[in-house]
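Take a look at this one chain, the form predicted alone, written out in structure tokens.
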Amino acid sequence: MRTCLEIRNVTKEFPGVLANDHVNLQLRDGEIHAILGENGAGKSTLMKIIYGLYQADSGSVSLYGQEMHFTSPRQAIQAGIGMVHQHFMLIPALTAAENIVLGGEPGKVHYRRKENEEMVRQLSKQYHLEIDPSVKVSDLTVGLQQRVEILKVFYRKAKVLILDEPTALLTPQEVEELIGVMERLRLQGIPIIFISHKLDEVKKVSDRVTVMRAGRTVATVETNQTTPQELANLMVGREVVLQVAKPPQEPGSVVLRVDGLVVVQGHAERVKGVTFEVRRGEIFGLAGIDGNGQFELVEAITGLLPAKSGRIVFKGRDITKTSVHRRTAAGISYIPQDRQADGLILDFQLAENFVLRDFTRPPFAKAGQLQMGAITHHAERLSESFDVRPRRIHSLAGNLSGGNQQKVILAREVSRDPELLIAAQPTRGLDVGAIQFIHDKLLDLRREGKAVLLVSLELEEIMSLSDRIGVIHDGRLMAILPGGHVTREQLGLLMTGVNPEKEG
């Protein structure tokens, strides 16, 4: 197969950070080439150079043998390079068809709605990416929005497709659909760069893998000639333990009891009479397909959503109507599922984000004044012990990679010495090294006798970490099962509303 895209010795440096260090990559026609690496390894920077968002300090980018010097995405698009970003670039108020043709509308003066919708319908059939062109993007699922992004690329006649962390925001079902889409595109001869840090997905879908670490390409291997363990070791630069080691432990007294909880959001009942408890020294996992009420349940426990009825009891005290601030002060810590929207203030420094929960209390405040010395010392200590990189506590949180942003949130919440940690999607979008780090911290809390409520869409995570597993479907708790004695098939049936024991 001929080489369609070649990267030679590309280097890119930002103030204080060498993001790409003499990177090399070859993409062949009709292959899915995975770029694997930890958060902050330089994957996204390299893709932005290929796409014209950044310009390399040195090195070259060649497309079908011709060296290219893109100074904007428009030039890259015109040359035939299409990129689907992790965070979609869509306008929610417009329809799928309007988003796809935006900036390149046929008809010039007048927008021909029916004609364009029919053209998009045919385009979606051609690439087996069926969507309804007339539906507003705001009404589409995340998986369907991603299809709109991919069709945008092909509408502009892309010859090379770059998918930047395409599965980070998808449910397991949508991931399977995307993998099917990628395989169909490969059969049509379209070369794809697939950026990921999920070893199972890389093994399943790619032909070759290039591993990046600390801004460098450390290896390119044939996917069918390597193992997940070898790839993980290459990513991190050391031996990685892929299996969670969870010693047996007797749980203690009840820390959290949820009794008959009902939560209404908008006009819909999202949580329907849920009852369970979490004990000291226990990780209670909550499994379910996205959108079945688990995150509304979590927000009710933390005080972000009101309970219509039922009770929330923390350490023997009814906190159902207690404020968020009082729940936090009582010993509840929370890792929200959306780290950028709810976990951090991206325009604040790391030092400020480390004390967001406690900035009004000593030693971080005195007589209404922030004590910057104490805040700085606290931030430096947490940055070191939780391995937040780079170690610049006065840089903005928005400048960190996703994995390091998550470490800041974890450090802040764990350092408060909580009685209960609620972790919603704590490893979403993270690489294998960061996942291992966060899993170890959750198990540390368990060993220390803390209570952990883990909510995750990743079944492997739920099964490997949880002492007990609750399964939620359509706002109802279907069953509570012992961890370690449950299969993916059992959980999958319960997650879709089927309880074999009751039905049998």
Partner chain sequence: MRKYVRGVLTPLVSVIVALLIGTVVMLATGHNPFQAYGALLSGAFGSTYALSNTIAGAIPLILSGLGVAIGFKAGLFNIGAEGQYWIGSMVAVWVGYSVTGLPPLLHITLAIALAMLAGGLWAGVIPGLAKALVGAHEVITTMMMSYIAIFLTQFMVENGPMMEKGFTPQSPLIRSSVMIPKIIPRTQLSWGLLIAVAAAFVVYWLLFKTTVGFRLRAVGLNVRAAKYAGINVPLYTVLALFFSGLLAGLAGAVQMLGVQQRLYDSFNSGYGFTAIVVALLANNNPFGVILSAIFFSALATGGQSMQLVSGVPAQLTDVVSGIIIFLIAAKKLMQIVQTKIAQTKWSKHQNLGSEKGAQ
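The term rigid core refers to the maximal set of C-alpha atoms that superpose within 1.5 Å between the two forms. Residue numbers count along the first chain shown, from 1. Please read these numbers as outputs of a predicted model, since none were measured by experiment.
Omitted here: the form predicted together with the partner chain. The next part is about that form.
So, R74 and the partner chain: in the predicted bound form, are they within 4.5 Å at any heavy atom pair?
Looking in the predicted bound form, residue contacts with the partner chain include R74, since a heavy atom lies within 4.5 Å.
Should A434 be classed as touching the partner chain in the predicted bound form when contacts are defined as heavy atoms within 4.5 Å?
It does not: once the partner chain is placed as it appears in the predicted bound form, A434 has no heavy atom within 4.5 Å of it.
So in the predicted bound form, does any heavy atom of F154 sit within 4.5 Å of the partner chain?
Judged by the heavy-atom cut-off of 4.5 Å, F154 is well away from the partner chain in the predicted bound form.
For L400, is any heavy atom within 4.5 Å of the partner chain in the predicted bound form, or not?
Yes, L400 lies within 4.5 Å of the partner chain in the predicted bound form.
Report the stretch among 77-85, 250-258, 267-275, 197-205 that approaches the partner chain in the predicted bound form to within 4.5 Å, counting heavy atoms only.
Of the stretches listed, the one contacting the partner is 77-85.
Non-hydrogen atoms within 4.5 angstroms of the partner chain in the predicted bound form: do L53, T360 and A365 all have one?
Looking in the predicted bound form, the three residues L53, T360 and A365 all sit within 4.5 Å of the partner chain (heavy atoms).
What is the one choice in L187, V142, M372, A245 with a heavy atom within 4.5 Å of the partner chain in the predicted bound form?
Selected option: M372.
Taking the partner chain in the predicted bound form as the reference, which of T226, T320, T376, Q340 has a non-hydrogen atom within 4.5 Å?
Looking at T226, T320, T376, Q340 one by one, just Q340 meets the 4.5 Å heavy-atom criterion.
Using a 4.5 Å cut-off on heavy atoms, which residues of 339-360 contact the partner chain in the predicted bound form?
Read in sequence order, the residues that approach the partner chain (within 4.5 Å, in the predicted bound form) are Q340, A341, D342, G343, L344, I345, L346, D347, F348, Q349, E352, V355, L356, R357, F359, T360.
Would you say A424 moves between this form and the one not shown, meaning its CA shifts by 2 Å or more once the core is fitted?
After core superposition, the C-alpha of A424 moves less than 2 Å between this form and the one not shown.
Core fit, then F276 C-alpha moves 2 Å or more between this form and the one not shown:
Shift of 2 Å or more: no.
Large Cα shift (2 Å or above) at R257 between this form and the one not shown, core-fitted:
Where the cores coincide, R257 shows only a C-alpha shift between this form and the one not shown that is less than 2 Å.
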